[in-house]
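One chain comes next, on its own, written as structure tokens: the form predicted on its own.
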């Protein structure tokens, strides 16, 4: 019987005043539960990397993660961060934002889904969407063109509600 997981932030673009500490704590608790159910290890290092990814709602690059991780673990090196990120991606806990060469915490880690993101060009806040109709439309059109889709990530840039004028 599947376990109920605590919900992650309901709003794609959380208000600046939202309880971010609770948001991060919920993401970490969900990751621990899911890794336990899947037989994956959420080591101390992986947990720290995941926590650093969730520190903001904007994408973060691997070298920025490394700089922050070094404040916690002086011997951290690029392979350390990349290995941790690889496992976190395999477990569906983080996504890679290709356009920015950066990573963001997954808002829906308990179910496989395609990556669809709205990225604010002003503040960097990124909202993850989970719209099956978008994935289906891409798959359907690609198939009609004889194209075999291997991976889909949709990245849309614009202004978030906080940065939009008016």
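Numbering follows the first chain given and starts at 1. As the structure is a computational prediction, the values presented were derived from the model and not from experiment.
Below, we turn to the form predicted together with another copy of the chain, even though it does not appear here.
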Is residue 120 near another copy of the chain? Define near as a heavy atom within 4.5 Å, in the model of the complex.
yes
With the cut-off set at 4.5 Å between non-hydrogen atoms, does residue 22 touch another copy of the chain in the model of the complex?
no
My question is simply whether residue 134 lines the interface with another copy of the chain in the model of the complex - judged by any non-hydrogen atom within 4.5 Å.
yes
In the model of the complex, residue 98 touching another copy of the chain (heavy atom, 4.5 Å)
yes
Among 105-113, 61-69, 134-142, 41-49, which stretch has residues whose heavy atoms lie within 4.5 Å of another copy of the chain in the model of the complex?
134-142
Residues of stretch 130-166 in contact with another copy of the chain in the model of the complex (4.5 Å, non-hydrogen atom)
131, 133, 134, 137, 138, 141, 142, 145, 146, 147, 148, 149, 150, 151, 152, 153, 154, 155, 156, 157, 158, 159, 160, 161, 164
